[in-house]
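First, one chain by itself: the form predicted alone, in structure tokens.
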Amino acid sequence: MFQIKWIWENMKGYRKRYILALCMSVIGQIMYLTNPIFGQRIVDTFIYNDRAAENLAGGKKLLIMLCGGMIVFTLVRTVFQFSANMLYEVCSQGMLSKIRNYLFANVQKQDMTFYDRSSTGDIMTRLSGDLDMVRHSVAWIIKTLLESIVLFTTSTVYFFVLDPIMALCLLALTPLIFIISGIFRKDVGPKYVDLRERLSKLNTAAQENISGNRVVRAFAREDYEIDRFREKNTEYNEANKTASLTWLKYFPYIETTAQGLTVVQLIAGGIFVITGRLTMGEYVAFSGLIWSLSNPMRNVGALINDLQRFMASAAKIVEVYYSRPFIVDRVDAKEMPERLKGDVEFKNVSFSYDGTPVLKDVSFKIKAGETVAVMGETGSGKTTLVNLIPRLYDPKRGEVLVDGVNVRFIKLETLRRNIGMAMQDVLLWSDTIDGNIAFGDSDMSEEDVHKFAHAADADDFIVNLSDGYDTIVGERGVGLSGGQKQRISLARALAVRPAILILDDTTSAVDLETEKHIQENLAALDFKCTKIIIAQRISSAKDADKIIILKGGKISEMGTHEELLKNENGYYSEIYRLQQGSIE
């Protein structure tokens, strides 16, 4: 079974302890035979025997030893079981922590395609509930399965040693148990896969509504979202009940068959005792160990139930565990200087998303230190264009070059450390403002943090906050205005002293005066930097060395502010006249 092999691989560091726990479980189950063996001897020698009184008078020492042995073996078995359970818990928790760390690290390494197809709620489910089910399998399912097999096998062997015919009578019902269990496994398996998917959708709905609570309130859609969550919760509840009731449907058959062993033991055992085939001590031994056959049979259903849940959860975890990003360092990646110059070139670049063309045969050059503005209608491919430079995506055709080298041949860490990005959708961490600005360099001095905040025109409002730069920013920057968040994001991008600075409509939420200050500060940076600015305002683009207009994924216009204005029917001229108020 692949999942078991995968668990064993992740048990590294705990394997010896886990094997020891398994051995202790095996020994503990075998020791259950001692009490019936001693009990048989006591009954046949000191109770149900024609010379019982004589044996008792002359064999008190033997009786004491047998009774003492039962007590000692019981205590030893208890210690073994307790110690094994402790080891199971230590190993399962250690493995759980190890897998969770690896999964999180692997998720961090994934490219954007992974996040495009995976919801946050689903990823969180895999890192929490699914992982706990795997831990449960290591700490309980495997242990219980092994103990049931060992107990059933050793008891069967002991019964055959006592009397083969009686043993066969007791085992006559076993095939029926396996038939019922096989049918149950096929029936319940798909239901747990469906249950896992329902849980993922429920968690996704909860995560989206909690993170988007402000939008929900702004549109007064609380009741609608409550009903939508209730619907997802009802679907999960129904799937959970369906899976549980499937087990309950088969439980009476399994339980009845298991209890049938007691009936067989009473009837067959009674007849064999009467006919003299069995001694009373042997009958007592059969009676004392009948649970060792019936209990594993009862456990079969519960074990299959849990194993199906484990299989559904493990399949989801393994999917992420072995997921590998498509965008990785090539083995022949070139060694580049620690700091790049910042030349950027697109050569006949085309890109499509899920078969839908986004960019079509785009070509242009940007010299190091130049400022280039990219404008165009919504959906024209502006953000996709800049995402190709740090290789968040790779083009389907064509080449993206930085300093004359195809970005596919530049090591990702080198490439991305030379690129500062401030996106329109700002994400701030639940940290101090100082920590958010210095995110790219944790060792950044306080002086530098203030300098880059000043360059982003953020210093004035930061110092007026309750704790200044030590003010804790709430989740995603709650409590700050859109313009304030954009300026902190810009300061964070500048703080890495990038060779290429990408600003995706970063000043859309600030006023024109603040935008002017930011532009002046960007022009006066103390390090050389190529700037690529996605803009909607003419004021953000007019001073650029080059303005690129995208339309339908293609470059429709390219030139300076003055050159583009000469094309009176062009997109740029139209936007210019619109923003200047010269047309209605």
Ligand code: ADP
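Remember, predicted model here, so these are calculated numbers, not experimental data. Quick note: we count residues from 1 along the sequence shown, nothing fancier.
Another form, the form predicted together with the named molecule, is not on view; read the next lines as being about it.
Judged by heavy atoms within 4.5 Å of the named molecule in the model of the complex, the contact stretch among the candidates 148-156, 383-391, 444-452, 118-126 is 383-391. Contact annotation for Leu412: none of its heavy atoms lies within 4.5 Å of the named molecule in the model of the complex. In the model of the complex, no heavy atom of Glu399 sits within 4.5 Å of the named molecule. Interface residue remark: Phe73 is not counted as part of the site for the named molecule in the model of the complex, having no heavy atom within 4.5 Å. Although the partner is absent here, Tyr353 sits close enough that one of its heavy atoms falls within 4.5 Å of the named molecule in the model of the complex. Residue-level contacts in the model of the complex: of Pro190, Pro337, Pro164, Gly379, one residue has a heavy atom within 4.5 Å of the named molecule, and it is Gly379. Of the residues given (Leu261, Val358, Ile99, Cys91), Val358 alone sits with a heavy atom within 4.5 Å of the named molecule in the model of the complex. Residues are counted as partner-facing when one of their heavy atoms sits within 4.5 Å of the named molecule in the model of the complex; in 301-332 not one qualifies.
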